[in-house]
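What follows is one chain in structure tokens, specifically the form predicted alone.
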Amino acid sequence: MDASMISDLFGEVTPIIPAVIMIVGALLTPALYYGLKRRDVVTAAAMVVIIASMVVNAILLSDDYAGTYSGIFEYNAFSGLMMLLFQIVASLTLFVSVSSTETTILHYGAFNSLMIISAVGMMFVAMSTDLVGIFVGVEAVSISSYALVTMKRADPRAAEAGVKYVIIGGMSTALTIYGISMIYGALGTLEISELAARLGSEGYTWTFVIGLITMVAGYGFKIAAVPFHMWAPDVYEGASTPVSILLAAGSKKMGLVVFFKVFMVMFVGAKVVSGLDIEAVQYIFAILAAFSMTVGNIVAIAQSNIKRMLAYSSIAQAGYILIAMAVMTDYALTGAMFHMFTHVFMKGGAFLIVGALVCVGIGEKITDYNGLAKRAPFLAFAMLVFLFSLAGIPPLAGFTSKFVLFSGAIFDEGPGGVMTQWIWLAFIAILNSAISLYYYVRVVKAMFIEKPVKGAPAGSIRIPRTFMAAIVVCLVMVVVLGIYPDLILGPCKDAADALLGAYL
């Protein structure tokens, strides 16, 4: 089967078929669990739905399919690749949720359904052609996430995290919708494709500037960029580990997709079409990136809970990816998307190990990992690989993606191109990568050098098979993408061309 066969079969609905498949699955899983009361069957059904959607998306993506649905959704190389990223995250989280001791049993059907709906919202964001469609997709993810965070067995931290998440999320939504209304008032359109031309003709009015600031703040909460980051550590710690994976590897990437689709396209287009000076805006994003990576890494040093440490690490990683928003070139965007993919497997793998160890009674403090290498050598080795990859140690995926991403801040078209004015930002990013190695090594030291604390259970550790399989997949991808980056780097280049090709 190829894209033409799918197009002949579904006609004009083809661009949204991957999302429709998942919507059907989200509607059926609660009824299936209500009737059978079997977590394994419901999870298997949910996985079949996601894999079916992923296969259709992969076929469309590999055949360079492009199309629109009712002028609301657009499928191209960019939206297809980002949808694939969200599908990978959803499959990882659902696959391990069946074995997780942290997820609730009573509402497990609803848990699966909300997971799928959250992924569908992310897919809507990737495909939407206007600001209202993006807003609806983001809210679908947010509302689902509020409920998912609280669905943890008898843990008061989950309730506390849920309340904080709802309050801060509500503020984010208010800022976002206000910003959208102001931008509409300033430019007279909500269509992403028209924003650049309107901005070029209207210029920087006060109405537009206020709308831009509030929208950046609203979506800054979604990616946990400094200074909009304070919710992330509490929510990541309070939520069940599968939900933490969804937030760190999925929801955060959705927010970055918004930044690329709205702000990067708008400002790059306005510069190319009308010669609008966008340097001041680039410096705003550069400062946002620098503070995010620096604050995230420095505060992570003081953390004793591994989930909170990984949360602050995610804030720093968002700062790295925001480099593309400062540079605003095709090559920088390619590096940002490549790092988004490698981050899914690096950070997702680390959280998977945390969740697997919780299942066997090991706590979330870094000291609980003392002597882990003797009791679970494979898990200790895998965690070492994931953490070193996050720090950017060669030849792992994190090093390769950071090399591409950081070089985008040095050369306009990659190594060998013209040097840019953003070399200082690349220097800050490299320095922060060195800082991050310190707190990652703390965990490695605990696992391989420290002796277990008194009272810790003895004997080898056997984790659930689903967690083991997911960890192996992430481990393989971290190694493979480090050695053979073209597996993802090529599609990322095509995606960047699809998003900015009209202007560059």
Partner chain sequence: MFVEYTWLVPLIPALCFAIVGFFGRRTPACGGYIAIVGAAASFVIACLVSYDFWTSDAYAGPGYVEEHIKWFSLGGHDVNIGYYVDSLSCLMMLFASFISTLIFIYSLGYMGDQGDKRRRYFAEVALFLTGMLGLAASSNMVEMFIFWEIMGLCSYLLIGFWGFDHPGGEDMADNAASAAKKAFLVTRAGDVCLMGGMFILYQAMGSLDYSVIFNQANLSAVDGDTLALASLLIFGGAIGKSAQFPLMDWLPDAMAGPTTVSALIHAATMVKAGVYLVARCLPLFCQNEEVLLFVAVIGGFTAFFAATMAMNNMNIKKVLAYSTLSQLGYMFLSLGAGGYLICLGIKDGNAELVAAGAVGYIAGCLHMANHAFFKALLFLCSGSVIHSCGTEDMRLMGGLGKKMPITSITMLIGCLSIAGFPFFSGFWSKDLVIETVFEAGETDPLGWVFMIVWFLAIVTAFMTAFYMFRLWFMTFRGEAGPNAEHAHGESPKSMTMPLMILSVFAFGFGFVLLTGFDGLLELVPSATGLWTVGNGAAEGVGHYMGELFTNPYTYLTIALVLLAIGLAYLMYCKRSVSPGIVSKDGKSWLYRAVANRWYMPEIYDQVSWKLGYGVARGVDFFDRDIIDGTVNGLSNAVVGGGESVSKMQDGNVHTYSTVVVAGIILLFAASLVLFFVFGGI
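What you see is a predicted model; the values in this text were computed from it and never measured. Residue numbers count along the first chain shown, from 1.
This next part talks about the form predicted together with its partner chain, which is not shown.
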Determine which one of 404-412, 245-253, 142-150, 85-93 lies within 4.5 Å of its partner chain in the model of the complex, judging by heavy atom distances; exactly one does.
-> 404-412
Would you mind picking the one in Thr129, Ser99, Thr173, Ser433 that has a heavy atom within 4.5 Å of its partner chain in the model of the complex?
-> Ser433
Taking its partner chain in the model of the complex as the reference, which of Val272, Val136, Val360, Ile287 has a non-hydrogen atom within 4.5 Å?
-> Ile287
Are all three residues Thr241, His343 and Trp424 in contact with its partner chain in the model of the complex, where contact means a non-hydrogen atom within 4.5 Å?
-> no
May I ask you to state whether Phe228 is within 4.5 Å of its partner chain in the model of the complex, using heavy atom distances?
-> yes
Consider Ile483 of the chain shown here, and say whether it contacts its partner chain in the model of the complex, taking contact as heavy atoms within 4.5 Å.
-> yes
Non-hydrogen atom contact Ser292 with its partner chain in the model of the complex at 4.5 angstroms = no
Does its partner chain get within 4.5 angstroms of any non-hydrogen atom of Arg465 in the model of the complex?
-> no
Contact check, 267-295 vs its partner chain in the model of the complex, heavy atom within 4.5 Å, ordered by sequence, gives Asp277, Glu279, Ala280, Val281, Tyr283, Ile284, Ile287, Leu288
